[in-house]
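Below, in structure tokens: the form predicted on its own, a single chain.
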Amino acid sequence: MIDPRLIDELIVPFLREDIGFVDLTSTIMIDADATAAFDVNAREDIVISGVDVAVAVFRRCEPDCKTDVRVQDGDHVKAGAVLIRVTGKARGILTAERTALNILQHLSGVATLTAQYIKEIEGTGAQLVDTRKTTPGLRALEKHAVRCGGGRNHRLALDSGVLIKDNHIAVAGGLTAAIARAKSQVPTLTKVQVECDTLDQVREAVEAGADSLLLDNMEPDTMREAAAIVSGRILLEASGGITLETIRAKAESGVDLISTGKITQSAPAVDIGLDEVAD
């Protein structure tokens, strides 16, 4: 579930952007007291995410509408499935249509693509996690969509954990120095992860006390060597160059986590429509 308070905050600018001052077409074409029923339909096989957001959009534009929600976030549905039936004054419902569908199509697209990646690594023991490569303003919703698709979340924001990358290492004066500085100041329950490009860095990071390693753009054979060096002492995460075609081999290398920005950054919107229910 997404916190309803967050949804309420987010949909205000969404609707302001789409409506402007007034929905000119619906106001002109539809009588204020005209009522209708509409179905939100899946037009392809998808994984659902964003139902609560879509419902909140409809209710914001037509507070008295009735929403019969027939699916839950995380459900796998077939083409033709009715996701939500919305009944009430037609003017407000149609004003909400595009915004509600846009967010539902986008978040379900993220969930659907995530599920495809998850399927590719079944049985390997590795878990798929997301990244901070999200749409500005939509991170909480997109990370929720990753969970709906079966993935897990990495850092929610920069204050969620320490991830020391190459530029941090360069400025801090070296990998060991960077880890020592982080470990001396980080909150006691916060982990320190280090990005490693080479096996020498893997050895140094383990020796320096890193809590986990991010293996950046390594080939599967190299990651196997890294896994042998670590020998289960700390978590290993693979990142970089992760696609549907490459993820299986990298998952079989012995890593614990695989992160990719593609599930949020490159997910195509799925096909969902709003259709009036015939009498």
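Just so we're on the same page, rigid core means the largest C-alpha set that superposes within 1.5 Å between forms. Residue numbers here begin at 1 and follow the sequence given. Since the model is a prediction, treat every value here as computed from it, not as a measurement.
This next part talks about the form predicted together with a further copy of the same chain, which is not shown.
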- Query: Tell me which of 77-85, 117-125, 197-205, 179-187 has residues with heavy atoms within 4.5 angstroms of a further copy of the same chain in the predicted bound form?
  - Reply: 179-187
- Would D31 show up as a contact with a further copy of the same chain in the predicted bound form if we use heavy atoms at 4.5 Å? yes
- Message: Check C148 for me: does it contact a further copy of the same chain in the predicted bound form (non-hydrogen atoms, 4.5 angstroms)?
- Response: no
- Task: Using the partner position in the predicted bound form, report whether R60 sits within 4.5 Å of a further copy of the same chain, counting heavy atoms only.
- Result: yes
- Contact between T27 and a further copy of the same chain in the predicted bound form at 4.5 Å, heavy atoms? yes
- Message: With the partner left out here, which residues of 131-170 have a non-hydrogen atom within 4.5 Å of a further copy of the same chain in the predicted bound form?
- Response: R132, K133, T134, T135, P136, G137, L138, R139, A140, R147, R152, N153, H154, R155, L156, A157, L158, D159, S160, G161, V162, L163, I164, N167, H168
- Query: Does the distance between the two CA positions of G232 reach 2 Å or more between this form and the one not shown, the core being superposed?
  - Reply: yes
- Item | C-alpha of H168 moved at least 2 Å between this form and the one not shown on rigid core | yes
- CA of L138, rigid core aligned, shift of 2 Å or more between this form and the one not shown: no
